[in-house]
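One chain follows as structure tokens, the form predicted on its own.
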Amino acid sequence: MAARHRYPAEVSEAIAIVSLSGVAVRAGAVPILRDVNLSVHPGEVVGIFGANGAGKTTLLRLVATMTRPSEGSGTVFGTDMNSPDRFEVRSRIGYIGHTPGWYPELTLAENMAFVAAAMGIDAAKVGSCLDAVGLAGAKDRRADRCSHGMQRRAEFARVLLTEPDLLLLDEPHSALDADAVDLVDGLVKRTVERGGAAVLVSHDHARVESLAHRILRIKEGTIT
């Protein structure tokens, strides 16, 4: 698809954060992605639309280095997706999928503190990040006793804590109240203002189109 009118001219000259060339992903003999070409640059928000089963989630997982290409080549932050070095860039990626990724037996604060310790971040930031997403009163609640919406909010608190350079969001506005939706949009804007980038997969066309510089569509595993 053509670039939207708000697409910043300087982005096209920047070194790509994500670069995919002729990438395919298969599950056994079943093709999931086919001949995908994609570049994402600093300061850019890319929205991706497509029907269920089109390959949107697989594409995000590929960019997050959670899935490897079956064919073609790809880099994230200049690191080959098939290289063992790909694990080193994960600290720069904030991926939020359909299912919140918390340890159920730990409280929200304990989960956040675990992330902080793993990434060498001052644990003193945990409280303020939970407060910023409206979860200060739930910080001592076990994750498995939190609603899905609360766990989603906690994932956005993790983004505040880790400040990733690449934000990958799969249906980020689903099952959220109005305040939380505004919170997501604010996090996307903060990421790109820092010189990072964001890729949003969604069925909420109006919301994503209000954020994105560029809209792409994926059909039967191919970006069109």
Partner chain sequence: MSPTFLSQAMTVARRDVLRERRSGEVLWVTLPFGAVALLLIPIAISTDTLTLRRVGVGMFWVVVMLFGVLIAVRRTTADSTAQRDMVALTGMDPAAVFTGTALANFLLLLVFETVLGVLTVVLYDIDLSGAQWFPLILVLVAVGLALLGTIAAGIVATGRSTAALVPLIVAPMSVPLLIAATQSFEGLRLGKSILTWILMLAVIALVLAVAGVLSARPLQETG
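Fair warning: this is a prediction, and the values are worked out from it, not measured in the lab. Residue numbers count along the first chain shown, from 1.
As for the form predicted together with its partner chain, it is not shown, yet the points below apply to it.
- With the partner removed from view, the residue among 128, 147, 73, 91 that has a non-hydrogen atom within 4.5 Å of its partner chain in the predicted complex turns out to be 91.
- The stretch among 32-40, 187-195, 46-54, 59-67 whose residues place heavy atoms within 4.5 Å of its partner chain in the predicted complex is 59-67.
- Contact between residue 86 and its partner chain in the predicted complex is found at the 4.5 Å heavy atom cutoff.
- For residue 123, no non-hydrogen atom is located within 4.5 Å of its partner chain in the predicted complex, even though that partner is not displayed.
- Contact check for residue 105: a non-hydrogen atom falls within 4.5 Å of its partner chain in the predicted complex.
- Remark: residue 134 does not count among the residues lining its partner chain in the predicted complex, judged by a heavy atom distance of 4.5 Å or less.
- Residues are counted as partner-facing when one of their heavy atoms sits within 4.5 Å of its partner chain in the predicted complex; in 138-162 these are 142, 158, in sequence order.
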